[in-house]
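Below, in structure tokens: the form predicted on its own, a single chain.
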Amino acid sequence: MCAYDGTNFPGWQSQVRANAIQDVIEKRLAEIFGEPVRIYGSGRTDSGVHAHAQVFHFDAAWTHGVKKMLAAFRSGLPPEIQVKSVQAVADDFHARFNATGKRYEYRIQLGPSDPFERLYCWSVFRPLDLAAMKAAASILRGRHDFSAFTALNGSEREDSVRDLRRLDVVKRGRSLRIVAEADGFLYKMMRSLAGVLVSVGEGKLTPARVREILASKERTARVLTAPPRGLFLTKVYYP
């Protein structure tokens, strides 16, 4: 399992220029094993998105124990990426296909953000109606077709039905956190959910309108995509 600050990375998935988070980890593994090693993540995070608990797996022969594997990782990765734990798994384990769900957290600051937190939250300067946001969140929870909340078009996806098990809006002082758990997330789905809830809080949308957007199964300009800097992958669930 690893954590990373995604600010200066073009996302998790390997890129042509070899500067994605996956590329950096694979480069370190190639140094450790003396040959290319492919890793497989639980999913892709977008450019600028962060993670506390991204899970990945790889297949390689290693006889020195998990502690030395962890030490080998930590001595060669940039400070923006940290492997937090290592464990041996069954031969048929797959970080993506064995996952049963994920949890994301979107962080919002009401008003100007602390200069040391500005890269990790979305500063919103309009007052937000928390009750309206919670009402909209209750409409979105459950098993639905979330076509209206993905940036992919119909030809690019096969199944857009997801079970959104949790969608909570939690306010503490000037900090607001949107926490979501689902069996899976579509491309930019979490940022779209956060953007819509903020639009409801600002009075630009009503909970009833959110219900109509969800039922329409069509992406419209009314669905705002929140900035990537406030989004964190916080947990991946396995059986």
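For every residue, the number given is its place in the sequence shown, counted from 1. Values in this document were obtained by computation on a predicted structure and should not be read as measured data.
The form predicted in complex with a further copy of the same chain exists for this protein as well; it is not shown, and the discussion that follows is about that form.
With the partner removed from view, the residue among R96, K134, R74, R141 that has a non-hydrogen atom within 4.5 Å of a further copy of the same chain in the predicted complex turns out to be R74. Of the listed positions (V86, L130, A151, L119), a single one reaches within 4.5 angstroms of a further copy of the same chain by any non-hydrogen atom in the predicted complex, namely L119. With a further copy of the same chain left out of view, the stretch that reaches within 4.5 Å of it through heavy atoms in the predicted complex is, among 33-41, 194-202, 51-59, 179-187, 51-59.
No member of the trio D46, F146 and P227 reaches a further copy of the same chain in the predicted complex with any non-hydrogen atom inside 4.5 Å. In the predicted complex, a further copy of the same chain lies farther than 4.5 Å from every heavy atom of M1.
Among residues of the shown chain, Q82 is one whose heavy atoms approach a further copy of the same chain to within 4.5 Å in the predicted complex.
Among residues of the shown chain, D92 is not one whose heavy atoms approach a further copy of the same chain to within 4.5 Å in the predicted complex. For the chain shown alone, D159 is not a contact residue for a further copy of the same chain in the predicted complex, no non-hydrogen atom being within 4.5 angstroms. Scanning 199-232 for heavy atoms within 4.5 Å of a further copy of the same chain in the predicted complex gives just one residue, F232.
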